[in-house]
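For reference, the chain that follows is the form predicted on its own, supplied as structure tokens.
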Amino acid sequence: MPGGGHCPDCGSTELVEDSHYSQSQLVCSDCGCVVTEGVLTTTFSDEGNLREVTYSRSTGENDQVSRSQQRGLRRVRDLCRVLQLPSTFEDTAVAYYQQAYRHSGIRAARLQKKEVLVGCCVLITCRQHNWPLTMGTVCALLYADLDVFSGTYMQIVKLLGLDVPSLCLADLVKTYCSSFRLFQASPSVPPKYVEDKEKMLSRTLQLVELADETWLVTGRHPLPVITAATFLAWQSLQPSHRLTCSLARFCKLANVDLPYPASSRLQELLSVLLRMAERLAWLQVLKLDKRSVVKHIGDLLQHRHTLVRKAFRDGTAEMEAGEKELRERCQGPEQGKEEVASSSLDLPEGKRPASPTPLLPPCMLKPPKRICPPPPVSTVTGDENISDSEIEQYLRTPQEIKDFEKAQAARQAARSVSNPP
């Protein structure tokens, strides 16, 4: 046989290929010895050289998909179909899952992280295609922990080097508000609480844009802000019937979860609306509070750009100009002082009108209190080592030794005089 093979029994080179039950074997034609029974090879040259080939090399076992990866791929496709995503999204999400699974850190991860990886690949695909999908929605579908999901999401984005754009706030508002069950009459929703979807979406978008302009969205989770804005928009469309409804009851009627910070975002939005109402001419005569200002949200949103500029950005400049004019008048005669006193909003003497709150993020207006760590307790025992740079401070010069001896002698003499024998 060409190739130089030898029979291990008789040493003959007459080796022939014999196919037995479709399994190739090399048999010695002189003695009948089966040389390569059941050896899996890749090429005929390997057979001729009698080189055994491993199973992974011959069948490509390394390229096979494990059961865990197969299950994950099925979960990716199922999630895409549940969300009714286009087929191109499904292919992209599957490709991202396969790329992530090639990394040893992902293959060796816990089962919980592999389950979360399914949702991360789908969410990344939707973000790249500007498809409005929130992390909370994916976590609810997968019954996943939000902290684990967010950590895995950031790890996959960094691991694969992907460019994921941020979600458009307007698309998120439309998607999130569409899940509210307030647009059709039902046994659980009274007729007075049913609202037109387009009107509610339009006003909610305006309130969310107002929150964005006044730093209420920056650095925060968007869903609590959207929930508060949706509640105010719903109340303002029919305030006579809905002012008595609380935020918790509203979320229960709409069949959505109440995010924990939504109550705080609601109070911040109401504070902004009150500041704007103080700058609107026909609302200055009314004594509005956080409940009654809801009735005038439509007027405030209609002029929101001007009112926000007056209430926040120009408020500080106007106050400084007023104080400057007040100081100039105070430098005049006594009559000028009396006029100033009578025109300063009837404030007590020595009091200045309160300056408006600057337009800053809430984290700067109310910074969190930092715990001051206690100073370290240093116990001096006298046994500490003296460094070379400080050793000279402890050495006495001859003059210092003489002065010390004189002081000791004077001390002894003073003691002997004060305590005679």
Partner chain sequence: MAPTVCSGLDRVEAEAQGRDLRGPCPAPSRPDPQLGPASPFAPAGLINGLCATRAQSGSAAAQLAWALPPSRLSALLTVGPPPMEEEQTYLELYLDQCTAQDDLAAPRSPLLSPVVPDDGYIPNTSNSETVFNAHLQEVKGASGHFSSVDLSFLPDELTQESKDQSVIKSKQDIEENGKTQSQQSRLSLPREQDIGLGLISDSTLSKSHSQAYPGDADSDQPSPEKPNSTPLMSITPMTPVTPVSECSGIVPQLQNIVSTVNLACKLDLKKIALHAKNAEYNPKRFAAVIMRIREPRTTALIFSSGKMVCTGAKSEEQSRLAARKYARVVQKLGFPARFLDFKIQNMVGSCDVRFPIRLEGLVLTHQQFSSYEPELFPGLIYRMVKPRIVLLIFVSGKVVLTGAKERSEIYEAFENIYPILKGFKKA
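Residue numbers count along the first chain shown, from 1. Only a predicted model underlies this, so the values are computations on that prediction, with no experimental measurement involved.
FYI, the form predicted in complex with the partner chain isn't displayed, but the following is about it.
Every residue in the set 166, 218 and 384 has a non-hydrogen atom no more than 4.5 Å from the partner chain in the predicted complex. Residues placing heavy atoms within 4.5 Å of the partner chain in the predicted complex fall in a single listed stretch, namely 151-159, out of 151-159, 191-199, 225-233, 77-85.
Residue-level contacts in the predicted complex: of 213, 299, 91, 257, one residue has a heavy atom within 4.5 Å of the partner chain, and it is 213.
Heavy atoms of residue 393 reach within 4.5 Å of the partner chain in the predicted complex, making it an interface residue. Although the partner is absent here, residue 206 is not a contact residue: none of its heavy atoms lies within 4.5 angstroms of the partner chain in the predicted complex. At the 4.5 Å threshold, heavy atoms of residue 32 stay clear of the partner chain in the predicted complex, well away from it. Using a 4.5 Å cutoff between non-hydrogen atoms, residue 364 counts as a contact of the partner chain in the predicted complex.
Within 4.5 angstroms of the partner chain in the predicted complex, the stretch 399-416 places a non-hydrogen atom from each of 400, 401, 404, 405, taken in sequence order.
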